[in-house]
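Encoded as structure tokens, the following chain is the form predicted alone, with no partner shown.
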């Protein structure tokens, strides 16, 4: 089946729907019209730019350029994790913990998937490495951000209860075990829900894109299963690592709760 080419004027027609939505939110006084338009413009500019970058990267196919692209994606994701937290760890720890957690989980799972499961030659082929890492980082970023936000907000709200538990002789880990467990669950639930409803409620984005591009549905299904499994694993391990490290940072070496290590964004 031939792929139907899309022209810019056709995308312009689609943009009219976004403008209509922005106008609707403006007249209903939701206060989202400006945000929708700015997000739409950013989408066009960012995707157009990344399209040019990927074309150049695909033509070169060098490990050094692929690694540079991956590091840039990781740093941007780390910044987004920090920005999405209402109360964050001070001193750069919000950025550091989130970025390191995503690096350990997303990069490990991506490299393992490329070398052991998919097996392109070379293993860092940009056509496979960059899209897979992008999907991995995007979803892990959401899980880590949700987990850290729930952790810091929960500790702040229940700081008196935590201090009472510490005075009764509990360790720092025991004092925040419920909050930490709830934070980890918050980061993982979106991906679990996505797996549970895939193919029943919705067709995932990668599968839909492959089918629209002309790939056989059976092949698209195989890739989508692989991607959802790897994303869930990366998100799960990243969330667990981030919440565990973040909760430890909230206590000092004498196991005292340090709320001064939190500040409001």
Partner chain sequence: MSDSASLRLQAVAIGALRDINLEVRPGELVCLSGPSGSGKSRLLRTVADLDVHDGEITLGDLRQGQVAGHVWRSAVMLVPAESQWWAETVGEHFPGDAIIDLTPIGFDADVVEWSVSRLSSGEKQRLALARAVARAPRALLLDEPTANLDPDNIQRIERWLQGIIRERRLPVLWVAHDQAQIRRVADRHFRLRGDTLERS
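The shown structure was predicted, so the numbers you read here are calculated from the model rather than taken from an experiment. Residue numbers count along the first chain shown, from 1.
One more form of this protein, predicted in complex with its partner chain, exists but is not displayed; see below.
- Heavy atoms within 4.5 Å of its partner chain in the predicted complex are found in one stretch of 137-145, 168-176, 95-103, 109-117, which is 168-176.
- Contact check for residue 153: no non-hydrogen atom falls within 4.5 Å of its partner chain in the predicted complex.
- Taking non-hydrogen atoms only, residue 163 approaches its partner chain to within 4.5 angstroms in the predicted complex.
- At least one heavy atom of residue 256 is located within 4.5 Å of its partner chain in the predicted complex.
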